[in-house]
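We begin with a single chain expressed as structure tokens, specifically the form predicted alone.
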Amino acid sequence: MKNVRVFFEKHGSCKYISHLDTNRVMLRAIGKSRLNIWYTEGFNRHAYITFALPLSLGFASTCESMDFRILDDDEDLSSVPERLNACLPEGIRVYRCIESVHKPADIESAEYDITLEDTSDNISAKELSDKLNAFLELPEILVDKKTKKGMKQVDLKQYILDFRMKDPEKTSFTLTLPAGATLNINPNLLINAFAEYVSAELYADITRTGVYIKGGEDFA
């Protein structure tokens, strides 16, 4: 028996599938693919799969991962993506299967590609980019964040690990924030604070493009 990690993309209409429903979709795909995986024991046996970093509803992703155990040590992992993709809906595509290396608890950050748009069309994309740069230069960005102990005011400025403007003409940028079990910062916290700063209703197209452990190494 070996622990394997499947990497998959989630985009299009499938980004509106909740984490719970994504779990159900994957369980059905595994069953249809006839992969010889480990099932829990007891009265209600079921396939045991885990997701390292559940994706927020409405986010697309190019770097999702799912873990399970394959009973046959001689199983050809290179064939797993094709077998699963034959059983998955359009919008979810498995592109890699390996024996897992890192633990989900090792995850420390995530990278996002984000494009913002003023839904009222009062602010041009270029002007919005300029305002975003000014916003990020503020000495602090205070927001209310829900924690296990209730609401807490935090300064998001200290949690912006990296910011790169990709295309100011489209207000398109890359953002890296803390992620994982210890500390998880949703990019919508920053976007909502920025929307309040510019007094506008913003639409955000968000795609998670990377998940990293300490030192910026890819989670694998």
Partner chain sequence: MYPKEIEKLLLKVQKPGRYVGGELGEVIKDKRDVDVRFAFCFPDTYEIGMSHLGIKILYSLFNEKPYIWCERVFAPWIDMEAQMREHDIPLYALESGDPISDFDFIGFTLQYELSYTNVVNMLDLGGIPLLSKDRHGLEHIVVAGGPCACDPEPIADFIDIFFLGDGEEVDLEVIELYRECKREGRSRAEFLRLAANIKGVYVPSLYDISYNEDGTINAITPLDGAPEVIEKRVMMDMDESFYPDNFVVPNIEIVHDRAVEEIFRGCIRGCRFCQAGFLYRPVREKSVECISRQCHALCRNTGYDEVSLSSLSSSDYSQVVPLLKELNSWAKPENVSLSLPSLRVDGFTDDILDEIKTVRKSGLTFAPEAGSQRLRDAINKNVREDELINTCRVAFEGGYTTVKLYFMIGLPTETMDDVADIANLGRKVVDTFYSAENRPKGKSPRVTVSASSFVPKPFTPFQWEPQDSMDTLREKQRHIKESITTKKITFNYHDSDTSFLEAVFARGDRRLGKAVLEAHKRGMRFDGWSDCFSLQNWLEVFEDCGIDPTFYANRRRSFDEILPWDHLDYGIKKSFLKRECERAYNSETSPNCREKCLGCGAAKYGGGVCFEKR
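Positions refer to the first chain, counted from 1. What you see is a predicted model, and the numbers here were worked out from it, not measured in a lab.
Form predicted together with the partner chain: not shown, discussed below.
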>> Give me the residue from Lys166, Lys152, Lys32, Lys157 that has a heavy atom within 4.5 Å of the partner chain in the model of the complex.
In response: Lys32
> Using a 4.5 Å cut on heavy atoms, which of Val80, Cys87, Ala125, Val143 is close to the partner chain in the model of the complex?
Replying inline: Cys87
>> How about Leu57 - does it come within 4.5 Å of the partner chain in the model of the complex, if we only consider non-hydrogen atoms?
In response: yes
> So, in the model of the complex, is Tyr203 in contact with the partner chain at a 4.5 angstroms heavy atom limit?
Replying inline: yes
> If you check in the model of the complex, is Glu117 within 4.5 Å of the partner chain, heavy atoms only?
Replying inline: yes
> Asp21 near the partner chain in the model of the complex, any heavy atom under 4.5 Å?
Replying inline: yes
> Where does the partner chain sit in the model of the complex: which of 107-115, 70-78, 143-151, 88-96, heavy atoms within 4.5 Å?
Replying inline: 88-96
> Is it the case that Asn192, Tyr197 and Gly215 all touch the partner chain in the model of the complex, with a non-hydrogen atom of each within 4.5 angstroms?
Replying inline: no
> Even though the chain is shown alone, can you say which residues of 23-60 have a heavy atom within 4.5 Å of the partner chain in the model of the complex?
Replying inline: Arg24, Val25, Arg28, Lys32, Arg34, Tyr39, Phe43, Asn44, Arg45, Leu57, Gly58
